[in-house]
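Shown below, as structure tokens, is a lone chain in the form predicted on its own; questions about how it binds or moves come after it.
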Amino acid sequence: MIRKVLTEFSYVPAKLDRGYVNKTLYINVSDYKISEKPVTEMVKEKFIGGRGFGLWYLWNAVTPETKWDDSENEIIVSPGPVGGITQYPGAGKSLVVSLSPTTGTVVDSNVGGHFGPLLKFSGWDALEVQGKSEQDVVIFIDGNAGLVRIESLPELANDSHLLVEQLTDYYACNEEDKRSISIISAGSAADHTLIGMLNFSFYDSRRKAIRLKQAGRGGIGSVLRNKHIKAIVVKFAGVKGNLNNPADFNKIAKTGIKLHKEIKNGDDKQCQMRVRGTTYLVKIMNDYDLLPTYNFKYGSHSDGEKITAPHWVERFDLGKADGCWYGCTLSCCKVVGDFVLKTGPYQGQRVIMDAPEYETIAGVGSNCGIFDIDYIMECNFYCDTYGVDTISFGTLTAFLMECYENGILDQEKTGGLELKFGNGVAVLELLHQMSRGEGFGKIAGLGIRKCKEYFVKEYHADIDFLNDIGMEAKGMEYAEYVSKESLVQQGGFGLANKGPQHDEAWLIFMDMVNNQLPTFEDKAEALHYFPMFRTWLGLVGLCKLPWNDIVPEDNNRTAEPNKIPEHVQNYVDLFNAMTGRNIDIDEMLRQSERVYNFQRVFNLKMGFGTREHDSIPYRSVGPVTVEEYQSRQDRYDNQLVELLAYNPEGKSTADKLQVLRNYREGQYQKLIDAVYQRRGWTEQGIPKIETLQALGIDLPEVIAVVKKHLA
């Protein structure tokens, strides 16, 4: 392969000390500058690692005027101090932070795989990439040799499944050495859309195949390609379980063994994650009227059974290790071993791929009215290799389909695509157009918020209707849960710092399935505690699934079973054993609350982050159309009687829709008031100075931003 080395940087790889290397790597692809930066005690104390490090370094890199495609925007990758251990399940997470093309403000996305741990073992707590190259480049980090290079490799493919194969073969010395390599890449659609995502590769030695995990949300893949970065490669050979050099290795091992036993004894009786992965959620969501169908109009469908777990399990290549990092016995990421593509540039080829997760199944499947697992797998494969976020693509496409069915779009406007619900052929062609950067795919690739603006300007569409049915908030497309009957999940989506992604406040299961949040006060408190707790996992490099997808047998007998207290204590123990510190659960939450409030202020710095930015589309709160209301008329009529003492008899559906809407929108505003108060924010959603002081995040530059909004 033709290669030109553009610059080279040598360093002495440092050993880790209690989870930290105490150095970060800075690379600017505009002038090919490479340098190292020390990690100060202040940064470790206040930002911990992972998402916290990413937010801090980005804060210092950008100004309020910086846009996502400006050269000063950065992509930061950091695994956190606990990340990389092999004793506890789910410890391979990387957190990625950047300015988002779709929201205009800071976004974080988490991803499994090997990159974060290998980066850390190579001598870096975080990687900062800034600038914009004039040509496509590859960044190569060799953690054993102590070498960083920026290279030009012009013969590389665009799409990830080919690109990572080429680069793994190129940088590996032999078959065994492929395990030492992990690659970040995007794909051809990330060149032409704003919903591009990042693939993180790892080599599956048992299947002798490269697999891809995704940092999906917020369009960071589009940022990577806008910088003309083809790939970032890290190579480190010699992974062992003690490389983090923890303060108390035995404590980590003991905590890990406890959870491994729990998974072994409990998983078959609980989620069966080891066999079904997250596909088990499809049936539950469909049964509880929470599975999005037809652009979130409804929560269930008679064909929902066709995409439930048993049909997926038949296609999974089971019996081999399915964890995305060493030591994860929960093993949620499943593989389809032999799939023949039916469309697109790779039609007829046999591929191995990571199977669709619940979010993808619901997004490109049921939400688009398509209940065909072969179509869903095809769509999943092409989204991944093209570098498109499956959640944004599914929610966006469902919105376009409803626009089509309401006459806002037609075949003339879509260039011949018949975007009716259920038309998988049209959906795949839309995706291929995004890859080629042509036709209606180029317009759709702007995301829902910008599509709404385009449709109003070009097609004179009704903006109020589009705002009601366009399932986005803050510019990010919704994750795949129908929240109409779950006030707390409405808040979980609307109040999330980055937009409606479920990783910050996935409360719908405990609210609608387990009925653990019955009162208004329970819901408001949950919207304080759980976003803080879940944020913490992203500070240290841990996956959220081992927290609540397996629970101790006696969990229901604890005082707060929804928090799974034993697992929370596990995390405190892991952190203390790694760092040598002595925090308790309260301090753990303060660590998280500190970073969470900092991110809120970061949004303020970028011109967002006040109450109006926490508004949500009415489709996520209640029925928008007459047909939606009438589909669940008994439920809604009963609510009018029981909650409002309103007699629906003899009233038109339009009248009842409006009365229900007034009530539900009022409830959402009351919830915002309660959550803001609980979080120590003003009525406009601005963190109070005394809140920031109490948390110890009252840095002068932070206070300066807040004071502008309090004046």
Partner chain sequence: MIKVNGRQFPWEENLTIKKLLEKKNYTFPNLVVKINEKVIDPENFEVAVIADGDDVKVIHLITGG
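Positions refer to the first chain, counted from 1. None of the values given here were measured: they were computed from a predicted structure.
Same protein, other form: the form predicted together with its partner chain, not shown, and the subject of what follows.
**Q** Out of Y171, W547, F598, F608, which one falls within 4.5 Å of its partner chain in the model of the complex, going by heavy atoms?
**A** If I apply the 4.5 Å criterion carefully, the residue I get is W547.
**Q** Report the residue, out of M510, A461, A157, A496, that has at least one non-hydrogen atom within 4.5 angstroms of its partner chain in the model of the complex.
**A** That would be M510.
**Q** All three of Y571, F575 and I585 touching its partner chain in the model of the complex at 4.5 Å, heavy atom to heavy atom?
**A** Heavy-atom distance to its partner chain in the model of the complex: none of the three under 4.5 Å.
**Q** Examine L281 and determine whether its closest non-hydrogen atom to its partner chain in the model of the complex is within 4.5 angstroms.
**A** Yes - in the model of the complex, heavy atoms of L281 and its partner chain come within 4.5 Å of each other.
**Q** Heavy atom to heavy atom, is P561 within 4.5 Å of its partner chain in the model of the complex?
**A** P561: yes, in contact with its partner chain in the model of the complex.
**Q** Counting only non-hydrogen atoms and a 4.5 angstroms cut-off, does E418 reach its partner chain in the model of the complex?
**A** No - in the model of the complex, heavy atoms of E418 and its partner chain never come within 4.5 Å of each other.
**Q** Would you please decide whether F236 lies within 4.5 angstroms of its partner chain in the model of the complex, comparing each non-hydrogen atom pair?
**A** Contact with its partner chain, no.
**Q** Which single stretch, out of 281-289, 296-304, 575-583, 226-234, brings residue heavy atoms within 4.5 Å of its partner chain in the model of the complex?
**A** Partner-contacting stretch among the options: 281-289.
**Q** Which of the residues spanning 512-543 lie within 4.5 Å of its partner chain in the model of the complex, based on heavy atoms?
**A** Counting only heavy atoms within 4.5 Å of its partner chain in the model of the complex, the contacting residues of 512-543 are M512, V513, N514, N515, Q516, F530, R534.
**Q** Given that the distance between the C-alpha atoms of L644 and V513 changes by 3 Å or more in the model of the complex, do they end up closer or farther than here?
**A** Closer together, which means the C-alphas of L644 and V513 are at least 3 Å nearer in the model of the complex.
**Q** Taking the cut-off of 3 Å or more as given, in which direction does the distance between the C-alpha atoms of V551 and P518 change in the model of the complex, closer or farther?
**A** Relative to the shown form, the pair is farther apart.
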